[in-house]
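Next comes just one chain, in structure tokens: the form predicted alone.
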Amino acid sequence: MKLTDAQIQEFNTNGVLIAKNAMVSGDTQPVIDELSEFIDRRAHELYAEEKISDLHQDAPFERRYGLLYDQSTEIGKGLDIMHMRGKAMFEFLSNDNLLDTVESLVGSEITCNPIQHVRPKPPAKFDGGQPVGGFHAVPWHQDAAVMMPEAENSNVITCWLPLGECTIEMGCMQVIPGVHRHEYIRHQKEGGTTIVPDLMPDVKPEYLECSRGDLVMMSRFTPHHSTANLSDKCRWSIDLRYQPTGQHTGRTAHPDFVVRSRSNPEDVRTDYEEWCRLWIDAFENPRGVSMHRTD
């Protein structure tokens, strides 16, 4: 879905936009199926190791992960994009509906930034004695804080999309709109890469409730956080970043790749096996920089 002029203006003004119905259910269903298969496989492994006692095989996708996580937090080991390296996820990174929306903000030469995650956020009651929300309640931060300073001028757009309902009760994101033009705010390590409390903008936060098919787009300088999931369902989301090809990614330790090029279509990476090889090489032969910008 291409953004309208009004939507582009909203993004430029607020540093955040919810592009409603940017995608259809068929866009994300292969990813959900792939995640479901991974969770089922991990559940059977943990069951064989006697680390869980109930497979909850009949539970729906939005509930099963939380029920398994309650028995063993190891259910999520290896689940993130760069570790799981699923073919359906690789193909989704180049999804046309997704890239049509991104193109409205970064142009037609698009690179997939290597900072990318899939996030299952289980109900807070399953957080194993952690404070409400535990480490699944992300503190106030800017995405620029997890990038090298060399990417300060790169037009990196965060693309956050839910794989189901994302409500206030489920711990949806909150953002502080309209302050992204102030650029980078100092962060600290205490509390987990978070904005220095005394430097927090004095602006009323807004909740970003959204649903599967919607696409949340944010500036790298937009402060945001999430709260505890107080529902009985898991809040699933994919957290991606895209940018104009040729600009610094802010994460030289990990592989980026071209996903769309109107001028040089032969540059687009379509080789799934090569994508996997690049990630494996990045972990087995570390080089480059992966950093958080904190005091």
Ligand SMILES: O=C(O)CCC(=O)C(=O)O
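Values in this document were obtained by computation on a predicted structure and should not be read as measured data. Counting begins at 1, following the sequence as shown.
Just so it is clear, the following notes concern the form predicted together with this ligand, a form of the same protein that is not shown.
The candidate spot formed by 180, 187 and 293 lies out of contact with this ligand in the model of the complex, as no residue has a heavy atom within 4.5 Å of it.
Taking non-hydrogen atoms only, residue 143 approaches this ligand to within 4.5 angstroms in the model of the complex. Interface residue remark: residue 154 is not counted as part of the site for this ligand in the model of the complex, having no heavy atom within 4.5 Å.
The closest non-hydrogen atom of residue 158 lies within 4.5 Å of this ligand in the model of the complex. By the criterion of a heavy atom within 4.5 Å, residue 235 is counted among the residues contacting this ligand in the model of the complex. Contact with this ligand, judged by heavy atoms within 4.5 Å in the model of the complex, is confined among 224 to 232, 65 to 73, 253 to 261, 24 to 32 to 224 to 232. Interface residue among 79, 200, 138, 88, judged by heavy atoms within 4.5 Å of this ligand in the model of the complex: 138. Proximity to this ligand in the model of the complex, defined as a heavy atom within 4.5 Å, singles out one entry of 98, 195, 173, 105, which is 173.
Within 4.5 angstroms of this ligand in the model of the complex, the stretch 241 to 271 places a non-hydrogen atom from 241 alone.
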